[in-house]
Ligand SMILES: Cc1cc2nc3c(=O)[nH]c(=O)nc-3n(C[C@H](O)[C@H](O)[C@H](O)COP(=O)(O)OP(=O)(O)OC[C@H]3O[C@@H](n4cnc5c(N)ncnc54)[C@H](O)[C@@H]3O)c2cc1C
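Only one chain is shown below, in structure tokens, and it's the form predicted on its own.
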Amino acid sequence: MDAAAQRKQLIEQLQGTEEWDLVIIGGGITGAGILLRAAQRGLKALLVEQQDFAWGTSSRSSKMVHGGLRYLVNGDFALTRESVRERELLIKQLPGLVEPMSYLYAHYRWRWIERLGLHLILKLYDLFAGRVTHSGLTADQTRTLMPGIRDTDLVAGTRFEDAVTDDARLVLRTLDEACRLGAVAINYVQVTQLLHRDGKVCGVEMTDRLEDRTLVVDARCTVNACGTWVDRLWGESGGKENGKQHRIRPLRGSHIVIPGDRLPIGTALALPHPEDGRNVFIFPWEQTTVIGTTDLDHDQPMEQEPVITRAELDYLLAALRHQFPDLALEETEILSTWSGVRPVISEKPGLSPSDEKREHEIWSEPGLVSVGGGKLTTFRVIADQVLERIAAQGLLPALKSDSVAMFKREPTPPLPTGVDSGSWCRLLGRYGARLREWWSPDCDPGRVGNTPTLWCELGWAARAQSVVHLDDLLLRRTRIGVQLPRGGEAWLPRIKQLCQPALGWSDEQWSAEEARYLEIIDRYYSLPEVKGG
């Protein structure tokens, strides 16, 4: 059965269900987490996403699973403690997908207060984690750990630990776990309106964007987890609860990606930007080196994919060149860019973007629960609190938040011939129990270019992971679209040979998808000049 036939089967299942316990709108990490927690409690749950899964912020984050040191600086102790504990759970439950990453902060002469303050903050950070992860370094140790770092007035360094992930694959792993338990998740289905009966939300009307047809489903409760689009389905409350008006402030964060061998680092570097003192990170990710992020009000149309601006590119390059003065990186060496929009709940007018808190908010009206804000790291906590709010309405049975672990750590299968232990751990983290279903001795263990993605992953994703467009496959099921020059254009002929049969596409459709994909790469994942900006 090809991808199109599988999707048709899901649509039929959606229409054939008389009433769902829960309909979740939004296929990012928040919606995915709610779907999994609902499925783990035996609820009949459906998730719909107007674009592709993880199309928005959840594939365009900074990839960090972290407590957030700046939250401690801002006095957000509860959020930091919660985030650090969630980080520890994810590292334990998802090895190969959520991995510890060492961070370095370099200290320079005349900034001893900063050094002392960081030491005190990290002691609290480690207290929340229940283990010691930070240590002091001499100037020579700092140079050894970060070759090429700016040497003038360098006096010491501090090393600490957080974690890194592939954010889109984390969403997909979460959705897959939910679907294995009986939940349903469908992409490219857009909710157009909430349905009401007897003073409460009782379901949704939707459009299947591929077939241009209307679908109607009934639900005991609906969850609005649309991220930056959450205010488009406020419901009758208009986003107000107990006199408080929730306001979404879309904030853009942009990144640039360079080849890993151009700046080969094994540790993330945190540094204050030389212009405004904001923390910027330079970190290794999937055989590349990433520089990010910015933090600006997003003034681009929400209907379009966000793009990096010339000013943002210059800002990030200024940080890189300041910290690595001898690198001499040319803009033509940049592999890709990406920009994501954070759905921040604004606390009050007049705050700078970086001063806005990253806490989530949940509000409700009869039959509808909405959630906005929050962090990638705390998606389990958000999901449990949403379900608790639903139970409080009397729509679903009372639920215990921590009754079930979010992810069951899978035993490692025997290492196949031709695959190294690191790649095998990576595959197990990304696919969990599904790996046993599709891995065979016939799988091609070769890598796509110099990325960590194996050719056999592309084939599996095309067959079984709800791929509708080519960018679904190359930007979210795998990440080679941001890890290879011009989205991996040079590898497209082989990708076509491998994936076209599984997708059920004609040659004409493949050509159209390829042209569409390269336009997306040029407009939204390249340098501003290429995108006409």
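Because the structure is a prediction, the values reported are computed rather than measured. Numbers for residues come from their place in the sequence shown, where the first is 1.
Below, we refer to the form predicted together with the named molecule, which is not included among the displayed structures.
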Only one of C226, A462, A178, L97 comes within 4.5 Å of the named molecule in the predicted complex by heavy atoms, so just point that one out.
C226
In the predicted complex, the residue from M64, C499, L46, I480 with a non-hydrogen atom within 4.5 Å of the named molecule is M64
Contact stretch among 211-219, 252-260, 329-337, 447-455 - heavy atom within 4.5 Å of the named molecule in the predicted complex:
252-260
With a cut-off of 4.5 Å between heavy atoms, is R430 one of the residues that contacts the named molecule in the predicted complex?
no
Answer with yes or no whether S58 is in contact with the named molecule in the predicted complex, where contact means some heavy atom within 4.5 Å.
yes
Consider V341 of the chain shown here, and say whether it contacts the named molecule in the predicted complex, taking contact as heavy atoms within 4.5 Å.
yes
So in the predicted complex, does Q40 come within 4.5 Å of the named molecule, heavy atom to heavy atom?
no
Pick out the residues of 374-390 whose heavy atoms come within 4.5 Å of the named molecule in the predicted complex.
G374, K375, L376, T377
